[in-house]
Ligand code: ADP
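Below, in structure tokens: the form predicted alone, a single chain.
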Amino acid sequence: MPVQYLPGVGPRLAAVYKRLGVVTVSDLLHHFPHRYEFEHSERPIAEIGAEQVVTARGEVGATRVAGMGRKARFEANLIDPTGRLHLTWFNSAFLRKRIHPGMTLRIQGKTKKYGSYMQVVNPKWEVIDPEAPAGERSERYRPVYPASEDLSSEQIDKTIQPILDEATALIEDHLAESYRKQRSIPELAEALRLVHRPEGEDDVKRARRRLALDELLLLQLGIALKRRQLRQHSDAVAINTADAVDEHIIARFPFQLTSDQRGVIEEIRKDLASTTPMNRLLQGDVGSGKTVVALYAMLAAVASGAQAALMAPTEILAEQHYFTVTEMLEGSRVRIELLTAALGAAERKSILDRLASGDIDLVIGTHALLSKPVAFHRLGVLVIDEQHRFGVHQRAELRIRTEMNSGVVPHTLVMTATPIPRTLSLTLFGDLDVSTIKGLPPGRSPIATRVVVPGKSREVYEYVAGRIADKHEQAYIVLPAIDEASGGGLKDVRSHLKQLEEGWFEGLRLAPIHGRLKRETRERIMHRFRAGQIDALVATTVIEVGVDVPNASIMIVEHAERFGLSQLHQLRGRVGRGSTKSLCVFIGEATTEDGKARLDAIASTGDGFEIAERDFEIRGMGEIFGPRQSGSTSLRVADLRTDMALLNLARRDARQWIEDDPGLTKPTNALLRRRLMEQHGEGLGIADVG
């Protein structure tokens, strides 16, 4: 039922509710309070003491505006037969037009002793009928809702309370009574009543535990269902990873593998040998050598007569992978191509035709690999780099399309240089097996990190210019914008490049690099930089991932407070790739608590796994993964930072549930299955299950 037809709402207020995401009565019941206040019964003014939250009524006596301009405060006396309260509202001179002597007000707020009288600062207030009975309001634990300028928490409360009992009586519970008793949780209808009309904190805790467990259980059921579906109902190409093949591939690598790399390769070999599709997440810090492991999996597919694909989030990263792989496979018979949106029509058609016919063994590309004309002859391994940049839908889309084309699902390896906090890996990547590379390849130097305020810029640039000139090192200078028009007052690539050429870096060889340059131009600049023909790249964050130049040992990031913590760590990972002592300087000045926390964290640790946990603490899940990735797993009540025990419980219960009823097809699970599909079917790609 639309909220428009509820008492006191109507079309105008319904439009305001819609902006809060509330369209139906069900939406209204799931618009949960974000905190609670204890609303006291009215008391005579004479009985009120200091440092108490009180509700009082009285007649407005004298009023006045004190101070000037926007910071002026409004003051009024509230008088009842027993005494007087002094009311003060800061920055509220406008109240002189709304509160007048002679009015009867009911106020609520915290008292404090001010001189010889009692004062309430910034109280909540409402004008009431002087004849209204004083005892009509009893003490109440009142919900405070997310609201807007046009719709107050009080109005939302007044909409919900009259219909709460009738609406919750219509709710059928998807969790059986036996399960509720086992887990000591209330019925869903009762939980919704308690969350909107609690008698105290204990009621809120009971309701919250049920609603949080509901969210986590449905999500974990979806993940368990998806995991089982992939392993039970899909076939992949069994890939030959015999010792002879393994030795042949390893011999291609011009360096010794680390023990972590070798361990992950063994896990992948076991996966690839099966017709059950591999679905593995490979996480490792920046520079840990994940690409080599991915290349191993792709070459194993090619050795078995299948194709391999590597999908990267940006053209620059795709180009970097293409450069690295072609260089490593020089002289081999592996046919490699690069597919991005920047290709001309004729070149693109040629690559698509050869992919479909099997004349290309290994293709590297961007999301262009997801476009509908792309068809593979026999895709054996799919590698997705920087997994957090791609939504769940996108990952499923390519897998589904390849299954439709060839009847097989590719073995999938997703990689990230942003290590996933454990709580998120259980939640967003619960359908994946997780492999981790923790150590760094030999020869990598530690990176010295400094965070400095903008006033120290001169010293930084003079020092860096000296290192470039004296030691022939190379540097990255990273800025948040390309030009003045897009910068919004921030430093930009074009202006900063000119300033450096005419100032601190005069006589050095500089070049810009950013996303608006043509692919050929970017490739030419990067080739010259790798060859040591450019001293410093002045760049946007297009160099954030994948760029690997061992001689580039210095980085300066301007406006560091504007970047996310993981992004700062990714940028820092572009240096420290050779044996030279590396330096990363973040120039910034935080104006928010989160900004300060980010800069403190990046200065205090170089461990990507610790960075990931700190980032999660600061931002939470939705912010880290954005709407594409976390939209299907959005949590209204559960908080992964504090509900780890509940998440583990939900995960165990969900796996047991799917073991007992793999498709949730038993009649007793019909409602649970329907609610699961409504919540997560599309987002997790499980709408076709059962």
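The first residue of the sequence shown is number 1, and the count goes up from there. Remember, predicted model here, so these are calculated numbers, not experimental data.
A second form of this protein, the form predicted in complex with ligand ADP, is not displayed here; the remarks below concern that form.
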Q: Choose from 255-263, 335-343, 556-564, 511-519 the stretch whose residues reach within 4.5 Å of ligand ADP in the predicted bound form, heavy atoms counted.
A: 255-263
Q: Give a yes/no on whether residue 111 approaches ligand ADP to within 4.5 Å in the predicted bound form, heavy atoms considered.
A: no
Q: Would you check, heavy atoms only and a 4.5 Å threshold, whether residue 310 touches ligand ADP in the predicted bound form?
A: no
Q) Closest heavy atom of residue 289 to ligand ADP in the predicted bound form, within 4.5 Å or not? A) yes
Q) Does the 4.5 Å heavy atom contact test between residue 548 and ligand ADP in the predicted bound form come out positive? A) yes
Q: Heavy atom within 4.5 Å of ligand ADP in the predicted bound form: which of 271, 285, 613, 473 fits that? Just give me the one.
A: 285
Q. Considering ligand ADP in the predicted bound form, which of 488, 102, 442, 130 comes within 4.5 Å of it through any heavy atom?
A. 442
